[in-house]
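Here you get one chain, nothing else, as structure tokens; it is the form predicted alone.
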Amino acid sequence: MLFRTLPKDGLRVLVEQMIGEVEVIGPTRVADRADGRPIHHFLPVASFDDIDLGYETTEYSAKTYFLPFVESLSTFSFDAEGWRQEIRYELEPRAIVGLHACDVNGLLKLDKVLARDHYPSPYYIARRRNTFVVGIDHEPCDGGFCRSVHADTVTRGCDLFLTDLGDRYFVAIGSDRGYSAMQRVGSSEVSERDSDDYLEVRRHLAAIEQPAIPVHHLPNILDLEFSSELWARWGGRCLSCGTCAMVCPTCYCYGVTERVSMDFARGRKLKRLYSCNLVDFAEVAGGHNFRPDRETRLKYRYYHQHRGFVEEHDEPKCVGCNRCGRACLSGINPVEVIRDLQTEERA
């Protein structure tokens, strides 16, 4: 990576320039909780002032801009001579400003599956390539454990990554697009003072306590505890609502349906994000369900996150943002589930 420093007003200039050229999305304060804590979402903005870079976390991740909840894969029409199919990828450029390290790492994990695996998705790739990503350092969010899964720092996956040094930003440049953007605003070479201030910020962030979850041996524990009663305990609380997968920055399971008009003249193939916790996720033709129980579905979600993905890609799928734990209506928290697994293994 290349490194530069950028005055605070330089970022405003850069974002306002992008707003005049492309759609810009950023963390926006939309409401407050009962206790007064703000609620943020990633939303399109019309001004730099709409962006709150000091946010703690967002209710859902930026995944929805790369994997929409519902998207049209193709449309087709029928006539006496046959049928025609039309496929379009979304190619409009845009920028997302203010992603935290865990969300940038979430995109890198999606890249492994949807851009670099055996069956790459052209729909995902088109959105990923046409999105300018600006990340920013932050203090750990409440209940997050991104450090435990090595998702609290960024070395790639975004065009620019900012660290707040008080009166300026320390900028890591991750792409040629990012380099070109820095050329358009008043960025400067990194001085010795800049480096010292940056390292001091990193030391400060590293000193902030987070839940410590040793995950390096978790795949083995999961295999040992495959039939553990703890899955019934936690699964008994699960509502099978799928909220955890919807807010997760790395869950990508989906279903495909085809809809044909009543006059059989046209149709559409739709892709919808789905969740392995939903009751019919493993149901096949004939009505047989391979995972009819809540505890089995919950267990396989954890196995995919911390066992299957590790085996396939050498790292857990989870980025430790704890959005699933905060959103779960039943209070199923990944930190508690994993600690329960480790306690069970030691008993």
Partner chain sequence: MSTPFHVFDIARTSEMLEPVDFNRRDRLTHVDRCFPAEIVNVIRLTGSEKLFQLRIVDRAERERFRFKAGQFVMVEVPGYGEIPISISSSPSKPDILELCIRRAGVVTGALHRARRGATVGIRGPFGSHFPMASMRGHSVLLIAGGLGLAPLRSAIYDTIDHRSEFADVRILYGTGDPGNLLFDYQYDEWRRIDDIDLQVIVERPDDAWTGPVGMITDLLDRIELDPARTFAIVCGPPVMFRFVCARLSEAGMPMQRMLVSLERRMHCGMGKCCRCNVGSTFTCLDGPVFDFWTVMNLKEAI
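Numbering follows the first chain given and starts at 1. Keep in mind that what you see is a predicted model, and the values were worked out from it rather than measured.
This protein has a second form, the form predicted together with the partner chain, left out of what is shown; the following refers to that one.
### Query
So which stretch, 28-36, 303-311, 45-53, 58-66, is the one near the partner chain in the predicted bound form (non-hydrogen atoms, 4.5 Å)?
That would be 303-311.
### Query
Every residue in D197, E200 and V337 with a non-hydrogen atom within 4.5 Å of the partner chain in the predicted bound form?
Not a single residue of the candidate spot has a heavy atom within 4.5 Å of the partner chain in the predicted bound form.
### Query
Within 4.5 Å of the partner chain in the predicted bound form, heavy atoms considered, which of V190, L165, I213, C253?
Selected option: C253.
### Query
Hey, in the predicted bound form, does R184 get a heavy atom within 4.5 angstroms of the partner chain?
Yes, R184 is a contact residue.
### Task
Mark A327 yes when one of its heavy atoms lies within 4.5 Å of a heavy atom of the partner chain in the predicted bound form, and no otherwise.
A327: no, not in contact with the partner chain in the predicted bound form.
### Message
in the predicted bound form, does L114 come within 4.5 Å of the partner chain, counting heavy atoms only?
### Response
L114: yes, in contact with the partner chain in the predicted bound form.
### Task
Could you confirm whether E258 comes within 4.5 Å of the partner chain in the predicted bound form, counting heavy atoms only?
E258 belongs to the contact set for the partner chain.
### Query
Looking at the partner chain in the predicted bound form, which residues in 210-237 have at least one heavy atom within 4.5 Å of it?
Those in contact are D223, F226.
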